[in-house]
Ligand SMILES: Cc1cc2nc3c(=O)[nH]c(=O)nc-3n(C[C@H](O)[C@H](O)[C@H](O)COP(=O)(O)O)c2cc1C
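Let's start with one chain on its own, the form predicted alone, as structure tokens.
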């Protein structure tokens, strides 16, 4: 049985809640999936102060004592995660943006490998595609296997015609998501993700020290000597590209100090 959770960024049970609920219903209808809707407004999430303690010492040293870790534990216990948000002022809703900022350390130290991610963005007229791209990028940055999100366009009240369009979009998205839930969860990285890892880890090795949590985390995971975040067989081209990315990061670091 796979567990999928949806972090709901809207406090109103209107369009976004409707779309996310339909998505979860479709997943459960396929079988062997248990879902949970999580209203972010039910949790206390304080605004990041930018102190960077989580970067330097670790997330456990964050001075903000709220429900962040409760939500992270739910994400870690799930096989799949969904971010659902309305389009507010051409960005994600505030509840979700605040939570994403509190996950900043996990963009430095990705930890959601083997889990599946997607997003649902609900808009009235325009701007949702950029939000979807942003959320897909965040999902990949956190380590998830990301299924491209969807953009739902509907005004209130939702008409029957709009419901049919929504259903068609969510049927396609949920089918892809469900399939990935039950596939091998550690695929070969794309060239972009390989570049992000190799240049990032080389920069951390050269620019940071044992006083920094990022440095110690990468060393503990064995990432300074690894081809990628998790064991994977790279092709010849990817191996050459990885070496090039390492060298590029090394030269960039050297130029900063000369």
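Positions refer to the first chain, counted from 1. The structure displayed is predicted, hence computed values, not measured ones.
Another form exists, predicted together with this ligand; not displayed. Remarks below refer to it.
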Next on the checklist: Under a 4.5 Å heavy atom criterion, is residue 182 part of the interface with this ligand in the model of the complex?
Outcome noted: no
Checklist entry - If you check in the model of the complex, is residue 73 within 4.5 Å of this ligand, heavy atoms only? => result no
Checklist entry - According to a 4.5 angstroms non-hydrogen atom cut-off, is residue 154 in contact with this ligand in the model of the complex? => result yes
Checklist entry - Taking the shortest heavy atom distance, is residue 10 within 4.5 Å of this ligand in the model of the complex? => result yes
Checklist entry - Since the chain is shown here on its own, which stretch among 183-191, 81-89, 135-143, 105-113 would lie within 4.5 Å of this ligand in the model of the complex, judged by heavy atoms? => result 81-89
Checklist outcome for this item: Contact check, 162-178 vs this ligand in the model of the complex, heavy atom within 4.5 Å, ordered by sequence, gives none
